[in-house]
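Take a look at this one chain, the form predicted alone, written out in structure tokens.
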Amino acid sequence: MKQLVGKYARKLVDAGLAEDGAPVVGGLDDELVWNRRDARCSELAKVFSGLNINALLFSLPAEPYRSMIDYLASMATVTDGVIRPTDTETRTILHDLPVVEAFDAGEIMAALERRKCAVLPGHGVVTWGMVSPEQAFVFYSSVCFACFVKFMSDYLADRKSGRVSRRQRRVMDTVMQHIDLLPSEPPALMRAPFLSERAIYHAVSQAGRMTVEYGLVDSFFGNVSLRCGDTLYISQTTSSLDELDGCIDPCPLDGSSCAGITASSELTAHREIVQRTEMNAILHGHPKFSVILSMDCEKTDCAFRGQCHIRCPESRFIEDIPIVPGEVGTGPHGLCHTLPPAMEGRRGVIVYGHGLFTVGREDFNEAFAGLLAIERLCQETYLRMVS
């Protein structure tokens, strides 16, 4: 457990979500252990006694997340004390973000009893893991992602309507100091043909790892697949894209195997794409600016307002990239119905509030180049819109 809490403290820092020395991660096995000594551990330890958890993560976010989260939390405290992002990951995982105004174990427990996180303005963010510190890491990362998307989305809307406040502008000034355009040149990835199953697994693992390293995902969310013959090799559901070794499922396209039981929840969409197109490699990430621009809409009188993520009737594009609705899974509004037809003849498709899918004909080089280029396009477009 000591190694695990240290691992996820380091991953927060490596991902740019916390500064070195800031994360406090506790894990409960035979005894409660922490990644480091901190005066706040005694108060945080009380949280374990009131909840059925085995991990707790507390940290002050790194900039620009810190300023964004504190701003959104301050706005929430004058209403109902809850931050309500509308991106897909928040809807499906976090639901909303309760704000706790005091660093107090009782108040933190009250928030964590009903949600996966608590935001403490000026102090940081607390998340828990029921099984592993990895869950706490994922929830913390999701809070940072959701608040980034919400602040930037709200700022864009207020900029268009002329309602940007002085404080919003100060936070945006901080944000701008921490935004670097993505590189224009993609890395060189393994090239087809893949002459063994081992090479296939290596290619999928490499693509997933590079997607994380380039910051094109929220936490590790996303999925990767590669078709070879009549088999689709796809990352498993809830697997970490930067740790895919042993977490890739070979799924026959005819459904003759039960391997798909543990495969990504978007297996059906991936399968439909490779069967409808001549593309064999698929990358799916959650790059921030693609998600932000997918949610940019000025049509306030739409009958489907509030259901945009599943029912948006508009034909919307960012240059040549279509934006489609669709929710995770195979339900009536599943992206397995909206994404594959939109992908025909396209280098990529953005799913509203969710993320970006790109494709490659033989290997992941084309797909990764598309993922990088489209997110950079969205970065440049957003910055131009708010300048």
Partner chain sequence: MNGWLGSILHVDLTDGTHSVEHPAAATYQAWIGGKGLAGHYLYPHATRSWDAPGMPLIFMTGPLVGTSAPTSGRMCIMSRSPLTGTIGDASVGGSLGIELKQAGFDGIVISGSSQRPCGIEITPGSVLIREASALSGMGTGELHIRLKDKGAVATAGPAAESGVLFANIVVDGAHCAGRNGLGLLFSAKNLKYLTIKGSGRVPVHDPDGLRQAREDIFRLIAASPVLLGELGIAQFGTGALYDLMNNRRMMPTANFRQTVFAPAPSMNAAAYKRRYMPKRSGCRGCHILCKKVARDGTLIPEFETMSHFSALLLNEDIDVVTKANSICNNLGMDTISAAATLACYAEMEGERLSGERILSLLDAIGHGHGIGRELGQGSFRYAAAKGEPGVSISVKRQELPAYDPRGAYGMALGYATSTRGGCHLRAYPISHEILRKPVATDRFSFAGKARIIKIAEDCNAVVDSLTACKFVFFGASLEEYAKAFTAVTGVETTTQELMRAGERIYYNERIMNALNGFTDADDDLPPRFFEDEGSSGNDMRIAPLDRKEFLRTRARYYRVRGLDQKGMPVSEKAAQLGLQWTA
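Residue numbers count along the first chain shown, from 1. Treat the numbers as computed from the prediction; the structure is a model and nothing was measured.
Beyond what is shown, the protein has a form predicted together with its partner chain; the following relates to that form.
Residue-level contacts in the model of the complex: of E43, D29, D320, E344, one residue has a heavy atom within 4.5 Å of its partner chain, and it is D29. Just one of S315, S256, T79, S196 comes within 4.5 Å of its partner chain in the model of the complex, counting any heavy atom, and that one is S256. The putative spot formed by V131, C251 and A263 is fully lined by its partner chain in the model of the complex; each residue has a non-hydrogen atom within 4.5 angstroms of it. In short, of 51-59, 346-354, 35-43, 65-73 it is 51-59 that has heavy atoms within 4.5 Å of its partner chain in the model of the complex. Contact between S290 and its partner chain in the model of the complex is not found at the 4.5 Å heavy atom cutoff. R271 belongs to the set of residues with a heavy atom inside 4.5 Å of its partner chain in the model of the complex. Taking the partner from the other structure, its partner chain in the model of the complex has a heavy atom within 4.5 Å of a heavy atom of L267. Using a 4.5 angstroms threshold between heavy atoms, S141 stays clear of its partner chain in the model of the complex.
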